[in-house]
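Take a look at this single chain in structure tokens; it is the form predicted on its own.
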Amino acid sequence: MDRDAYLERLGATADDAADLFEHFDQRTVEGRPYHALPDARHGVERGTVIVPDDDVVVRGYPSIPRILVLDPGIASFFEDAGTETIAIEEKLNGFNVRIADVGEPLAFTRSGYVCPYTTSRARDLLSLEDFFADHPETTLCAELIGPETPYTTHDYAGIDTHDFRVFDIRDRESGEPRSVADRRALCEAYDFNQPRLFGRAAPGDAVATVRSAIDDLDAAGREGVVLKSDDGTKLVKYTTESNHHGELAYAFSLPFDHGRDFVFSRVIREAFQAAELDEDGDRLRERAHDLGESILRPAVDAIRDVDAGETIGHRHTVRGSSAAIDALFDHLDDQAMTIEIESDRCEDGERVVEFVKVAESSRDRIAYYLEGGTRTE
């Protein structure tokens, strides 16, 4: 592999190839080597992948910033974007992957690793052969959503198990996006489901549309919105109250597995949103009560579960071919996860497995304190 050539192709800021490539992990998929960058380095996005046998670069997906107030946050963010309108699309709560044809279609995680299970499901559920025959040098950016996934689970109306939503189409190597209009047309042409579009508005006039969308999403317990410039190059996100509370409940259900930054950022989002909406009196007290419940109740439940000898962790259900599920558990094992299988059965010709990713840190720390251990603060 000519590392100097890839250094130039990636446009990295490193002085030499060794400075960049020391941060790449080398992996294999079905005997084929690839190099993944698990964290952003030297101007190269997290999740960037090099497949040397096919001389292919799959660019990582850029980090999307967040606004904490809609007014003047939207207008300020898009002030220099040169866009007449912005698209307001739903932000979905799922597992983010990039699907690229590198000799065969593979699904890469945000960190750049191939997920065999998601790859198998993408091949089954999406018209990848037709799409990549016509657009071989592009990447589909998608969320795997639904109640039955091995990563992020969330109920969506009309989805009994899982499905994909394509939210972006980008050049495989440069990472340049298609315009929002072009991407939405392509998704329709290849029958790819995509996030709901709430509308388009000039940046200075978008606050009312976004607030209306957030109200609808909040009532449905959904995550939020992503605002995109016409050409797709400028993106910013904004999330709902129910999402903030849900993520805090998730964090405190396993209180020693999630960092203080995770918790603090969700509380700050909630504070700015409540302040901007001029919430006071009874409504602010209700919001504060809900926030407190999302923190305390899950933590108490976790303590009681450990005290009762029950397993705590992330519970998931997956379905697919036996080979795909075996590959998934090999993949999770490679990541040093402790897995407990609760059910393994066959339904309608598919293998269905219910399992727990055991939260060892929370389990062990809670058990230690319950046994009389002390905590230094």
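Don't overthink the numbering: it's just position in the shown sequence, from 1. In this text, rigid core is short for the largest set of C-alphas that superpose within 1.5 Å between two forms. Quantities reported herein were computed from a predicted structural model and do not represent experimental measurements.
Separately, the form predicted in complex with another copy of the chain exists; it is not shown, and the next lines address it.
The closest non-hydrogen atom of residue 370 lies within 4.5 Å of another copy of the chain in the predicted bound form. In the predicted bound form, another copy of the chain lies within 4.5 Å of some heavy atom of residue 65. Contact between residue 265 and another copy of the chain in the predicted bound form is found at the 4.5 Å heavy atom cutoff. By the criterion of a heavy atom within 4.5 Å, residue 291 is counted among the residues contacting another copy of the chain in the predicted bound form. Every residue of the trio 69, 297 and 300 has some heavy atom no more than 4.5 Å from another copy of the chain in the predicted bound form. You can rule out all but one of 95-103, 252-260, 156-164, 122-130: in the predicted bound form, only 252-260 has residues with a heavy atom within 4.5 Å of another copy of the chain. The partner is absent here, but in the predicted bound form a heavy atom of 366, alone among 20, 359, 10, 366, sits within 4.5 Å of another copy of the chain. Note on contacts: among 215, 134, 278, 176, the single residue with a heavy atom within 4.5 Å of another copy of the chain in the predicted bound form is 278. A movement of the C-alpha atom of residue 259 reaching 2 angstroms or beyond is seen between the shown form and the other one when the two forms are aligned on their rigid core.
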